[in-house]
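First, one chain by itself: the form predicted on its own, in structure tokens.
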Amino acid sequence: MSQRSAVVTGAASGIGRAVAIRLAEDGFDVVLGDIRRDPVTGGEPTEDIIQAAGRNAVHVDADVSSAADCERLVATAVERCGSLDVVVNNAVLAGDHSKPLLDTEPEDWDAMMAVNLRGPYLLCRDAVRRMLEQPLDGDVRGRIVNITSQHGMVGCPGHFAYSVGKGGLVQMTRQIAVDYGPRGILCNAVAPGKIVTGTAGDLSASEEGLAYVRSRTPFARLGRPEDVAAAVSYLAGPASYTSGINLMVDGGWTAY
């Protein structure tokens, strides 16, 4: 039980899939939390890809809005490795529930907040409880990385609950960093910009959307899930005096 453990939610597809694969490459035993095992864009399950490369991962059916499921994710990591080293809150809900304020019904709001804020709250709470029981590894007992969004930092026209939820997750990150940093918990966030994932809502899927994203992104190409995974890898490993940040991985979108 000497291998480091990582829990990644929303790990079946897109950014979560890339993050899980990268952390496995970094030497973590990865617990893959998702409501589905098969990627929404098709292909092999994340668990199979990691294991085929000779690394360790296990899929756990988990809805992050469920307290019991969040507890099970933490327990699985501890059972496999004896500790909980890293948690990545990546699971997200957008799609049909993401609308302008006047079109947002209470059920839309509740659905978005259940996954985008309640989920990270529940998993962070269980993770911090466990991490505080662990001995220091150098100066650190555990690391949390929340996947936020550039739309938690700037307004996103027509996407009221999504942007508000991501803004709340940015503040949750700061709050945990402030409250538990003195006891050895590092908590940071990574805020992706327009990342080409092929999943629903990917603006690059249409010619009009692709032209808009290119016009607003100063860097010479669009983002890839692996770009986000590289930032998570840094915060999950080498970063030892970085806490409370919301690292923009947006090709300069918010600098424009």
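Keep in mind it's a predicted model, so treat the numbers as computed, not measured. For every residue, the number given is its place in the sequence shown, counted from 1.
Just so you know, the form predicted in complex with a small molecule exists too; it's not on screen, but the next bit is about it.
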Review point. If contact means any heavy atom within 4.5 Å, which of 77 to 85, 100 to 108, 176 to 184, 158 to 166 contacts the small molecule in the predicted bound form?
Key: 158 to 166
Check your understanding: Given that the partner is absent here, does Leu23 sit within 4.5 Å of the small molecule in the predicted bound form, heavy atoms only?
Key -> no
Practice item. Evaluate Arg36 for contact with the small molecule in the predicted bound form, applying a 4.5 angstroms cut-off between non-hydrogen atoms, and reply yes or no. Key: yes
Check your understanding: Does Val64 reach the small molecule in the predicted bound form if we count a contact as any heavy atom within 4.5 Å?
Key -> yes
Check your understanding: Could you tell me if Ile195 has a non-hydrogen atom within 4.5 Å of the small molecule in the predicted bound form?
Key -> yes
Exercise for review: Scan Cys124, Met112, Met131, Ala91 and let me know which has any heavy atom within 4.5 Å of the small molecule in the predicted bound form.
Suggested key: Ala91
